[in-house]
Ligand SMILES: Cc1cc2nc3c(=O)[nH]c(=O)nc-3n(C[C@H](O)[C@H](O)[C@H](O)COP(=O)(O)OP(=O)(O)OC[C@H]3O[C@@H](n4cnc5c(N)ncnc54)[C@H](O)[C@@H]3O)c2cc1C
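Quick heads-up: it's one chain on its own, the form predicted on its own, in structure tokens.
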Amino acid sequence: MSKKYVDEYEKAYTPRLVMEEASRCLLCLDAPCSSACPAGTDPAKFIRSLRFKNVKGAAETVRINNALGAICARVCPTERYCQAGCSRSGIDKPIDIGGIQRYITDYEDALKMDTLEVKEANGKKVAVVGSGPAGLTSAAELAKLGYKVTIYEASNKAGGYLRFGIPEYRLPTEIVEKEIDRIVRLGVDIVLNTRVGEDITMDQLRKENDAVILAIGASKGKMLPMFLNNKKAVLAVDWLKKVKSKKGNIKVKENVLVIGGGDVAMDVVTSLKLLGCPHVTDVVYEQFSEFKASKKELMGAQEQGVTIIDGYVPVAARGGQVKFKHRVINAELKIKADLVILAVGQYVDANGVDVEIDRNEVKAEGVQVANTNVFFAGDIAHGEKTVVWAVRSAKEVAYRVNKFLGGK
């Protein structure tokens, strides 16, 4: 087992250091950090509570607003959202909101706090398809309102990409399991090994429930045609799942080429380095000014010594040898590797769910399929494709479902 891979990459705050960081907060009256949080976790409020040593109150704020608070604290690209809005940026640097939130949720876990409360059962049932961040959040929000919620998950374990995709050093499996346990304690049932369209139909779900929420993610990796049937090429999502399921206990090749420049690609290249791969080269379609990966993930890869070449497109492949051409200048590049990992995007497998998908999103206005009791959230909804945005999407859908079913 690779100790580097299973140890959290970022160190947690000590009590003294987290108080020092919280004391930097300017206590803005109309805090831009809270306005900029997609999930509505209200960082201004929980930082204010922490600053005045009310850690329990801070934990209550995080958890009431975000059922996946401990997960978002670790994987949210805060530099795009809350920290981008932080007023402190104009003085020195933004408050480390993600780090503070992690400290608070770790404190909550240590005290075995159970903040979320459930209202009296209202007799109505909701089915959720998919147990990723959107599915879990929508289930939690509706369970709190008294709905009987059942999640249907095709895999043998719940969590979706949280469990199978995000590397252990960024998001430990233990954290995912604890967040799921909190949601189950709200009365949510999770039915595993059940694929909609095979083991149960959408017609059954619609008839047996007052509402159905589709929260299926873009979990399938895209394969470039030139790599079809290439024994030296694998998909990033499949490789990440294998590594995480084995807790990093795998052998890696000496020389690995990764193609792609998003967060998934950064997860792959950093994982390779932490697992001991000496030569990791990442070739990216985007130039650095267009990079899709979060700055934090990009910096993490660079700190590990990953070679990143920007602006090149693969044009031919044979075995482990790949030829690239630059998008702008007249330049070619050839790289020969022991293994090629493709992180060039993912797509939604909507077989069996009876909705029309266009460019990985449900072809419908808003969050409801017209003239049905079917709603949708997460990757297949309109909006950004991050965990924190999935939480936002799921909270909105829970609100819409509640209103649709006559709730206040």
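If you're wondering where the values come from, they're calculated on a predicted model, not measured in any experiment. Numbers follow the displayed sequence, beginning with 1.
Form predicted together with the named molecule: not shown, discussed below.
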### Query
Is there a non-hydrogen atom of Val75 within 4.5 angstroms of a non-hydrogen atom of the named molecule in the predicted complex?
yes
### Query
Is Ala390 close to the named molecule in the predicted complex, meaning a heavy atom pair under 4.5 Å apart or at it?
yes
### Query
Taking heavy atoms and a 4.5 Å cut-off, does Asn66 contact the named molecule in the predicted complex?
no
### Query
Hey, in the predicted complex, is Ala154 touching the named molecule, heavy atoms inside 4.5 Å?
yes
### Task
Heavy atoms, 4.5 Å, the named molecule in the predicted complex: which of 106 to 114, 252 to 260, 317 to 325, 162 to 170 makes the cut? Say which one.
162 to 170
### Message
Just to be sure I understand the contacts: of Val353, Ala70, Cys37, Ala59, which is the one whose heavy atoms reach within 4.5 angstroms of the named molecule in the predicted complex?
### Response
Val353
## Note on the structure
Contacts from 132 to 148 to the named molecule in the predicted complex (any heavy atom within 4.5 Å), listed N to C, are Gly132, Pro133, Ala134, Gly135
